[in-house]
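Single chain ahead, written as structure tokens, the form predicted on its own.
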Amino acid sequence: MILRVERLTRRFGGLLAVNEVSFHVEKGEILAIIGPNGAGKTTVFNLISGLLHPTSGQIYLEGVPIAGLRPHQIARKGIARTFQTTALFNQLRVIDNLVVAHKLRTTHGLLDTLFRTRRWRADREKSLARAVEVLEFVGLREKALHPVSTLSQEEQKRLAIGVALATEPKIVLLDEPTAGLIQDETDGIMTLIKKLKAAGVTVCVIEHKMRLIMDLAERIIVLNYGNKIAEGTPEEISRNDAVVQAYLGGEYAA
């Protein structure tokens, strides 16, 4: 078990966005979180990644409590994420986005940067090497020197996953990684996610495309109005009458 969430709760005034949700993620697996809009899925990711602090409950990464830490602290511990709306430095080159992301794993400070010390040069070489490695992994090596603004939407989705990978994570949280993509592009991202798993990266994914989830995930968590209403394998979830009717419905049955 790499990640454990226990009775996680988040209130926004009188709104109960997440209500005592508990689940775990096994090392090396692909876990999916599904549910309708407003179910609390992204809020759970925001709590895990430190963008929000829980009202109550706890989050453990490899047995160590992390709830309440700042996002950069949680990222250093090994949790990386993507967002529904791709968050990239659009005016920088593709490779620069990855170098910036890897800075999380460097040790040089401001004075090192100003005077370009030996430590700065060593960190720079490590970051560039990691960036090239990630570009190869996500299939963007030929786009390394292109401005992000010139990439297609699918390429930006790949780069966003690459930015997460550049931080050398133990687990990656992917928030709707195929949103807005056509079927061929969706298939390409699904192949990339499987490649992450094969490389030993644990993946937790939020996604609305149920056919993709059924083909990709090993376990599925179902949320509704902030509550966990089901958990199981894709086969078990597909046989759950309440889930099929409310969430899989016509798309999965078609």
Partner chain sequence: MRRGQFFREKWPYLILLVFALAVPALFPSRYVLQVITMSCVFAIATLGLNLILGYTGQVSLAHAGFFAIGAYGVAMMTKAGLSFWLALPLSALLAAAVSFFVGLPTLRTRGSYFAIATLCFGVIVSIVAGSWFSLTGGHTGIVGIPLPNAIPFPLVGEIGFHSKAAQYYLVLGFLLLTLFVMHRLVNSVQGLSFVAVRNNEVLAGAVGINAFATKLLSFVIASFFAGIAGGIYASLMRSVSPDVASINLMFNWVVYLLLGGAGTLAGPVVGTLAISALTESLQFLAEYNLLVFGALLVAAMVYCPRGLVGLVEAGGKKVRVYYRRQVGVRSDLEG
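Numbering follows the first chain given and starts at 1. Since we're looking at a predicted model, the values are computed, not measured.
Note that the form predicted together with its partner chain isn't included here; everything after this is about it.
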* Is the gap between V100 and its partner chain in the model of the complex 4.5 Å or less for some heavy atom pair? -> yes
* L104, heavy atom within 4.5 angstroms of its partner chain in the model of the complex -> yes
* Asked: Using heavy atoms and a 4.5 Å limit, would one call R116 a contact residue for its partner chain in the model of the complex?
  -> yes
* To do: May I ask you to state whether V132 is within 4.5 Å of its partner chain in the model of the complex, using heavy atom distances?
  => no
* Asked: For the spot marked by L92, D96 and V163, is every residue within 4.5 Å of its partner chain in the model of the complex through some heavy atom?
  -> yes
* Since the chain is shown here on its own, which stretch among 135-143, 150-158, 178-186, 116-124 would lie within 4.5 Å of its partner chain in the model of the complex, judged by heavy atoms? -> 116-124
* Ok, R70, H208, K197, K27: which has a heavy atom sitting within 4.5 Å of its partner chain in the model of the complex? -> R70
* Which residues from 47-62 come close to its partner chain in the model of the complex, meaning a heavy atom within 4.5 Å? -> L51
